[in-house]
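Single chain ahead, by itself, as structure tokens, in the form predicted on its own.
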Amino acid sequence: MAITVTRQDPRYGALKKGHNARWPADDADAASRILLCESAPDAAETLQKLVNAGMRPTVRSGGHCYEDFVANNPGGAILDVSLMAGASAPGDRPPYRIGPGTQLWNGYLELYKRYGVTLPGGTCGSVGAGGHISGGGYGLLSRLHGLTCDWLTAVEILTVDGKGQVVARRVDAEHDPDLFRACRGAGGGNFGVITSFEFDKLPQAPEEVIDANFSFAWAEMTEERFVPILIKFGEYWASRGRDPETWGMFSVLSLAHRASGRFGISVQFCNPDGTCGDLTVLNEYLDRFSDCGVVATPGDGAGHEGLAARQDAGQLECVGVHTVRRRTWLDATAGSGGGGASMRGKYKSCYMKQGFTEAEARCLYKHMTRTIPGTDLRGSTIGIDSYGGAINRAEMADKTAAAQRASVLKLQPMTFWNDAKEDPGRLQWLRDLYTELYSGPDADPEHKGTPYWNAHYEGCYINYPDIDMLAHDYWPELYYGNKGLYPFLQGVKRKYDPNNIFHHAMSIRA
């Protein structure tokens, strides 16, 4: 039986919300109760009761939904599967089973300690597996091994039929293959309640990885210095980064607003065989930024003489590689980021099939140095992740619902703040940046203001949902492409959720 938390329960105030403190928007929008399920039978019984009572269920695993799809549910209930956690292989052999409430960092540790394998999953350790996997999540090892959903071989899911009866299904490539495909990237909250993920095989964890970080001071930055940094970063992933020998390297350009003082680049590296014996690829990558005045600080046996020799280049003040550390995979996963206090947030996304053009770089400089009266823009940043590699196996687009298989960069413009009074300024800054960035010469003329699919862009990421996109009648194409995937998903919706029990502002429309 599920644990029921009502408004009278002292836990309600904490459990009615997720990580984005903007939701619920006010107390009247909050769910009437939170139902914490500890097993698949718990979830089935709970879901049936909600359907019988005519109450809307919203499903939560890790609580990281960027919009109000879960927390805003007046008169309804949050069906919380966060206690359905853990990673195991019954009988100590595959298939590996992962609960939807498993936080990624715990999943990494359990899989590594028990079996020496890992998920090519996310960089935020507190994200729940349920939303991450079903939405096509990616992370540090995805360039080397593909998306987590690419490895998925079966899903246990609760659906509701046309008569309002809960149906427990185990779906795979042979049983309800259409629903199985939809669970591999279309996003959570669409078709039912996932109670377990199965993987017949998972990649071996690396023996070790190397981390490198360096940052640039905004105080010494000019537009003419800024533009080459972005172009160098993008050019690498659009050219050299396509070579399989580089696929063990994942890098993020964390482009923080000028108010934050600095922006930087981080790198995690291993060779494709999971070792760090040959650092040629890493050193070559770091050398690309040597003429930006990077100062390297070698450490832990991972010295980089090439950058160190250029310490006196001095074109711009830059505390270079803060750390160049050699770590085991266990150390790396135990230290993965995430968590912390909830803040107000807004997020957007874009897949890029090419590196940055000069026009894009100048647009970003404009907005990352812009000020808005009465608004402190610290906490405003663009996460620019390397992408591609094994993710871009074209055949996986037809086997999964993750359509973007040609991109080399993935962007997440975002802003975080605490005071609700800053909402207008923060949202204005982010929307202005996004609209102008995707109204330039590389944008599709008929879809300005969005990264609509063309030779340069590949739409948006459903795990970074953005309700601003609902202003465009073509918003499903932004997330699912224009090759027929969305009509397929609509057919799955009609078949397995005919009464639209599972719905939110950006769910699949039947």
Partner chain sequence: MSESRLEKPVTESALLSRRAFVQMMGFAPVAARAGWARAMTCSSRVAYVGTMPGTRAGLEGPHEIRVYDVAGERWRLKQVVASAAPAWLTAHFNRRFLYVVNEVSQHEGLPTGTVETYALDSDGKLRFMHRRALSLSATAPRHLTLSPDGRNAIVAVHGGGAYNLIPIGKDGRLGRVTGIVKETGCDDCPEHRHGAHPQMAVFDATGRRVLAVDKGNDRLTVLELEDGGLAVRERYALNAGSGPQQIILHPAGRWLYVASLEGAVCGYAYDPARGRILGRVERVETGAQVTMALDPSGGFLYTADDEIGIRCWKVDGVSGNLAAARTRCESPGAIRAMTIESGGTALIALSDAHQGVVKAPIDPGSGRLGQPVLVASAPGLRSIAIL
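Since we're looking at a predicted model, the values are computed, not measured. Numbering follows the first chain given and starts at 1.
Keep in mind that the form predicted in complex with its partner chain is not shown, yet the notes after this line are about it.
> Consider Asp29 of the chain shown here, and say whether it contacts its partner chain in the predicted complex, taking contact as heavy atoms within 4.5 Å.
So Asp29 counts as contacting its partner chain.
> For Gly162, is any heavy atom within 4.5 Å of its partner chain in the predicted complex, or not?
Yes, Gly162 lies within 4.5 Å of its partner chain in the predicted complex.
> Does Arg56 reach its partner chain in the predicted complex if we count a contact as any heavy atom within 4.5 Å?
Because a heavy atom of Arg56 falls inside 4.5 Å of its partner chain in the predicted complex, the answer is yes.
> Are any of the heavy atoms in Pro74 no more than 4.5 Å from a heavy atom of its partner chain in the predicted complex?
Pro74: contacts its partner chain in the predicted complex.
> Counting only non-hydrogen atoms, which stretch in 162-170, 426-434, 227-235, 263-271 is within 4.5 Å of its partner chain in the predicted complex?
Within 4.5 Å of the partner lies stretch 162-170.
> In the predicted complex, which residues of 462-484 put a heavy atom within 4.5 Å of its partner chain?
Contacts from 462-484: just Leu470.
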